[in-house]
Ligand code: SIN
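Shown next as structure tokens: one chain only, the form predicted alone.
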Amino acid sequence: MTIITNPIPKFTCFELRPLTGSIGAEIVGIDLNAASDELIGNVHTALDHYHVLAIRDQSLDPAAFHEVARKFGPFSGNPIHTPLDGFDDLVRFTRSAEDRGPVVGEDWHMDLAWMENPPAITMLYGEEIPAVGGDTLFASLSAAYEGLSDAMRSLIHNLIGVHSGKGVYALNAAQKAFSVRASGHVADDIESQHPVVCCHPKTKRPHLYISGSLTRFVGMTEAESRPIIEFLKSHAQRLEFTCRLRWAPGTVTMWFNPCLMHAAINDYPGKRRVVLRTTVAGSPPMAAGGR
């Protein structure tokens, strides 16, 4: 299959600083509180190409964050977490200074990959951020696909992955940073099938669709699938496909969820961290190559 690459547009309404050669960028010099439709469109275009954006120096309360997020699209829904009072589309994650256990999302994953329509965009806003620590790692599943051999691309091209929500509720319920819905147990019974090789809905750039929720491939047993799954996940975490995003208070970080995996870094014991989270609705992942 021919790999599609698209020239990255030039942006004049903000300063954009790429984080690495593979993924991610910072945006400075804009105020999302006063963002026009044109500016939102330019940010969305930057997201299509860089997949992860850190928009610095914002001043948003929950109402303002809600308004900004909905400019990028409707809420995707969240079957697991209890929403913030007054906002059915926002969740607040609060890690206290006394909490020294695991952090939310410290294993490599894609948000809600096991849903039929996984979120297109995840957005976080840093309300309280440690002076040092709490960074987030991102791995480009587009760059990872492009880094595969032709033989491996051919092997996985027509595979359909089975993603399971089993265990997700228990994992989240064990965290102190937020509360979970009583109805969240339904996630254990959800399985969705998605192509392993997909393409971005706008740029058409191909990418892997893999996550911790991927259990097997259609037509194969879990034992047969496991070596391929483990190789693809390990391959995607190679340093040249990743970026490390450093947080600061007032940072809005957003990412195109189906094109990457991410992991939170647990390196700030004894420090408080508070973020707001929401997601933007997506559509079923699109198979690459017109399948």
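Start at 1 with the first residue shown and count on from there. From a predicted model like this one, the values you see are computed outputs, not experimental measurements.
If you look for the form predicted in complex with this ligand, you will not find it shown, but the lines that follow are about it.
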Go through 66, 44, 233, 262 and name the one with a heavy atom inside 4.5 Å of this ligand in the predicted bound form. 262
Interface residue in the predicted bound form among 205, 109, 71, 216, criterion: non-hydrogen atom within 4.5 angstroms of this ligand: 109
Looking in the predicted bound form, is this ligand within 4.5 Å of a heavy atom from each of 105, 136 and 255? yes
Check whether residue 160 has any heavy atom within 4.5 Å of a heavy atom of this ligand in the predicted bound form, and answer yes or no. no
With the partner left out of view, is residue 271 within 4.5 angstroms of this ligand in the predicted bound form by any non-hydrogen atom? no
Indicate whether residue 124 is a 4.5 Å heavy atom neighbour of this ligand in the predicted bound form. yes
To test your reading of this chain, name the stretch in 48 to 56, 262 to 270, 220 to 228, 26 to 34 whose heavy atoms come within 4.5 Å of this ligand in the predicted bound form. 262 to 270
